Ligand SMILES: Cc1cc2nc3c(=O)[nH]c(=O)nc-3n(C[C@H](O)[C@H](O)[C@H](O)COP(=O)(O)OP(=O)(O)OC[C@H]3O[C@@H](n4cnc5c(N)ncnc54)[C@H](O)[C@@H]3O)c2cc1C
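Below you will find one chain, with nothing else, as structure tokens; this is the form predicted alone, and questions on how it binds or moves follow later.
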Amino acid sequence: MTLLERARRRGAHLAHARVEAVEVRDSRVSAVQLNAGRVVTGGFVNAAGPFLRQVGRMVGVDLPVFSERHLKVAFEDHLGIIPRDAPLLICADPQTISWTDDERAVLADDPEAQPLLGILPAGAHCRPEGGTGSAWVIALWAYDTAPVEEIFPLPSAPYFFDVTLRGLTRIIPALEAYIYRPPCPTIDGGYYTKTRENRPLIGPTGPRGSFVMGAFSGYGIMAACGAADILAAHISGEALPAWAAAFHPARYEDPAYCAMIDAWSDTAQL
């Protein structure tokens, strides 16, 4: 909010509307059509998060991004298993879930659930949520990172709480008390939109006046201010730091760069 208020003092106006089309004339952005009206402009920034690729197509660009669904679950730890002053707790080991025979039979009959019977990746984690007197805990486990279509509201995830809870028992065995008598969970989340090498896209792309800033893969809040500085320099024509080239969309036009990332076996998750 501080940055928004500073922008408003300099004349910025925040409009709540949906982008429906970007008009391009003579290879340059000329206007943006919103559901609330038409804005004549020579500049357009695609910072659409999970909808980065769809909005990119409005200026004739197929951005090299994909999305993973990442969920989180909040539940009341009414047994007080996790201390309120506990830090972020992360299980750094891959693991298999100890399903019962009946549970394994149910999961085996569901094609979408069958991967839950195998080895799941590291990363189940949780932390207390709220101040003194709160009993809430937030837990996450990105055990399914297959690229998916961006859909809102998010599709249901009937196994997520159960799987995450069981995964956390690896480092917090006392949570087993909730497996068959679980508290009522609240599941939320979104999408991590990323490039293949997990570096963001920041810079001009497509027709003149068109820019992109996105594919932050879950670390957008941490990187937003620095990324905005680079984007502002692109828009204003100011000098760019040397490392800005690492995020420029044109990097994929460099055969040496593409060969380098082809050779990487794992880009990991920042």
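What you are looking at is a predicted structure, and each value in this text was computed from that prediction instead of being measured. Sequential numbering from 1, following the sequence displayed.
There is another form of the same protein, the form predicted together with this ligand; it is not shown, and what comes next is about it.
In the model of the complex, this ligand sits within 4.5 Å of a heavy atom of Ser217. The shortest heavy atom separation between Ala36 and this ligand in the model of the complex exceeds 4.5 Å.
Looking at Arg18, you'd find a heavy atom of it within 4.5 angstroms of this ligand in the model of the complex. In the model of the complex, no heavy atom of His234 sits within 4.5 Å of this ligand. This chain is displayed alone, yet in the model of the complex one of Tyr178, Tyr143, Tyr192, Phe75 has a heavy atom within 4.5 Å of this ligand; that residue is Tyr192.
Among Ala245, Ala31, Ala228, Ala47, the residue placing a heavy atom within 4.5 Å of this ligand in the model of the complex is Ala47.
Here the chain stands alone, but in the model of the complex its contact with this ligand, taken as any heavy atom within 4.5 Å, falls in 47 to 55 among 237 to 245, 47 to 55, 22 to 30, 203 to 211.
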